[in-house]
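Given next, in structure tokens, is a single chain: the form predicted alone.
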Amino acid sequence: MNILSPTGHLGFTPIERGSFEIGVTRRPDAIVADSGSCDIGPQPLGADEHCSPEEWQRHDLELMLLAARRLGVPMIVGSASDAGTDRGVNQYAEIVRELARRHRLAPFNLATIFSEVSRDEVARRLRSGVRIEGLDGRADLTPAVLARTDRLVAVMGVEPIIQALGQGADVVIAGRSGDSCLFAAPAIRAGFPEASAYYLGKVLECASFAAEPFMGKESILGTVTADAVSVTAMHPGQRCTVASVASHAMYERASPFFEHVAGGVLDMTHCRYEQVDERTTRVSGFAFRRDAVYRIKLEGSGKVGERAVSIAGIRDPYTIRHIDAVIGWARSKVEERWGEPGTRYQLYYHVYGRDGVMGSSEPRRAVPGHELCVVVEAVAPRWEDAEVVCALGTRNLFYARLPEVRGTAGTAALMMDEVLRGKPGYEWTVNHVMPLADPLELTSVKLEVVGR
């Protein structure tokens, strides 16, 4: 079975048409793409809006839909419109309907799979004694944390997608989905072992990220057999090598050996990699272990407040050497008027040129650049308060009292003398797993006929 993967995040930037069309000539058995991620932060989920321009989403959906209908093979898209909410599923489904009308496509079956979960449903399970276990060091979910959550999605496994395909779906638009599950589902339904299917999904989920040299949004083709997966780069200038495919197992992983999905874990500890030809690598030796209890991941986001942002630059070497003291001074002036940070406001300083990207994990924090960009960010329940706190926290960078400084100029420079309004600030409130008696109980599948 061959599956074409044209992008690691549909709509984030447009699919490259050239390698996609090459992939289509290989006549894949399905065209599959992930369209969401928690990498984009909690704001799109909490606010229930997409972070990718709809024009780009429409571009990618059109490429995939026309190719899939021309070949007569399934098209599967998961985590619709970045966060995989019900709104995102409905948005993508309407785009598919519009495209079908515009191109006068022959009738086909469109399945929509919804995986948004209400707070009331999760609260009911908590009251009944269900343990909802925290991931990555989080405590178990409590009613208090749930109350701070504006929106939740369940990260579905393969089962709802298999159900939709079994009902005759030609196009599947799914809510929040496990990345690898989107690709594994049609392979499992076709009878391939879970180990092969899930490895196929793991290596295809980010498309050309598994190839070298690096190129974004290029297509790759995965071929699954009973005991192996082969992956081939479609762009003439790319190759899927032993190194590029093996290294992809480390991408976004605490461990390169394990891929956890709803219902089990893919074990890549004993994978064997073989270069088949210049652009193809074959992988075998993986295993899949089912969990004793089926658990599904929940993602939830809650609003913290309105956000204000200001930007200052610092070039003076002495000020750079004492940047922490400068920021400390500015913080102290805010606290004099507003008290300590807490529910009333929050204040952050992002120092680009020192540790703005990695924060406390930056290994060269003591060796900053010759100039710094300080992004000041304030969050408060009201925009008017966030604006004032941000302005106060930025302008006091100019007035910091440092030893040995006698002049009144040169401490900092504003990129612009204004405070910018950012999107509201959200936080991840729910990153937990919940046991299910039935893998389908938090999802719903709807089927309709689309086309002239």
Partner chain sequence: MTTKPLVELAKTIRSKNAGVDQITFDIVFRDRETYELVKRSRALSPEVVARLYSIPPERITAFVEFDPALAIKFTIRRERPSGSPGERDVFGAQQYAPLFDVPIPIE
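Please read these numbers as outputs of a predicted model, since none were measured by experiment. Residue numbers count along the first chain shown, from 1.
What follows is about the form predicted in complex with its partner chain, which we do not show.
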item	value
In the predicted complex, segment of 136-144, 161-169, 287-295, 217-225 with a heavy atom within 4.5 Å of its partner chain	136-144
Non-hydrogen atom contact D316 with its partner chain in the predicted complex at 4.5 angstroms	no
In the predicted complex, P341 touching its partner chain (heavy atom, 4.5 Å)	no
Interface membership of I40, its partner chain in the predicted complex, 4.5 Å heavy atom rule	yes
4.5 Å heavy atom contact, D267 and its partner chain in the predicted complex	no
In the predicted complex, the residue from S118, S332, S361, S128 that sits within 4.5 Å of its partner chain by heavy atoms	S361
Sole residue of R189, H103, R97, H350 within 4.5 Å of its partner chain in the predicted complex, by heavy atom	H350
Any residue of 372-400 that, in the predicted complex, places a heavy atom within 4.5 Å of its partner chain	E377, V379
